[in-house]
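Next comes just one chain, in structure tokens: the form predicted alone.
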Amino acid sequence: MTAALARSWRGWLFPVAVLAAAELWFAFNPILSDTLAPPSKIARDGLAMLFDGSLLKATGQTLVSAAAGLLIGMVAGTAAGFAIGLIRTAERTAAWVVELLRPIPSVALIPLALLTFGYGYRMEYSVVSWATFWPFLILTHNALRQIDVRLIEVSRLMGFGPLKRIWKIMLPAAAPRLFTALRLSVGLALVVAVTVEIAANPQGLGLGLMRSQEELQPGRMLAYLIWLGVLGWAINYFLLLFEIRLFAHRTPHGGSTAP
């Protein structure tokens, strides 16, 4: 425990030193900049946005869009992955379609989504769900292909029907890959949601970033950027903790090590 704490503190030394050096540089070089701001100014602007509620409101809008799009992509991608993994005809038919559609960048769909849904949450949901659909489809398909055939044969001998076989055998076997897809897709959903807000849908953290840039307020803009980094790190950290505890029985000794 003591060694872990010591390693954690050592990891903070370099960022703290960089912040201190930046603060000193601005103190001795008092220049006005449209792109940079001292750490103290960034902290003041961030706290001001936090206390006036604008940061929390923007964060809520972005997280709602990211979460809803992620949920749609997760359900659709997992269902498609099971269908392709279980039905050989579907796998052969869908192979070229997947390879054709998967490389299309999610941001390239913004004009189409805008024409279809107009401004608002639905447009953002559609773009985020497209981006997160593919990790779930691919990892679910790969997980099903790696299931031991003997498990399937045993389930058939035990009289399991297709639905019970999926629930009792395939879903537990695919669960680690599905959680990996979730962790990958959460960060992707946040990135795509902010990108859509910057490019086409004026709301959330993306709108905050654009307004700060247009009003030449680098302190606020950098505060938004740092907040996005903290938000993404926190979500991934707690998902990783949950994954370790959820699949602790799969480790060699049934234990886990927190990150």
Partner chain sequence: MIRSRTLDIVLGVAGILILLGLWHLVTSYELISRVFLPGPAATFRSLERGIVEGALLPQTWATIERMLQGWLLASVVAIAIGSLIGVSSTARAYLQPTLEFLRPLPASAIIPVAIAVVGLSWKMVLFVVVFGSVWPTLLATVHGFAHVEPRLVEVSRLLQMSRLAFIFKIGLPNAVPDILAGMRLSLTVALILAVVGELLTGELGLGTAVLHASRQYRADDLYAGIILLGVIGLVSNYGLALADKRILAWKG
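Nothing here was measured: the structure is a model prediction, and the numbers come from that model. Numbering follows the first chain given and starts at 1.
Unshown form predicted together with its partner chain; subsequent notes refer to it.
Visitor: Heavy atom to heavy atom, is Val191 within 4.5 Å of its partner chain in the predicted complex?
Guide: Val191 belongs to the contact set for its partner chain.
Visitor: Does Phe238 reach its partner chain in the predicted complex, with heavy atoms at most 4.5 Å apart?
Guide: Output for Phe238 is no: heavy atoms all beyond 4.5 Å of its partner chain.
Visitor: Though only this chain appears here, would Arg92 touch its partner chain in the predicted complex if you measure heavy atom gaps against 4.5 Å?
Guide: It does: once its partner chain is placed as it appears in the predicted complex, Arg92 has a heavy atom within 4.5 Å of it.
Visitor: Wondering, does Trp233 line up within 4.5 Å of its partner chain in the predicted complex on heavy atoms?
Guide: Yes.
Visitor: Since the partner isn't included here, can you check whether its partner chain sits close to all of Val64, Val75 and Ile166 in the predicted complex (heavy atom within 4.5 Å for each)?
Guide: Per the other structure, none of Val64, Val75 and Ile166 touch its partner chain.
Visitor: Hey, of 135-143, 174-182, 106-114, 77-85, which bit sits against its partner chain in the predicted complex at 4.5 Å between non-hydrogen atoms?
Guide: Going through the listed ranges, the match is 106-114.
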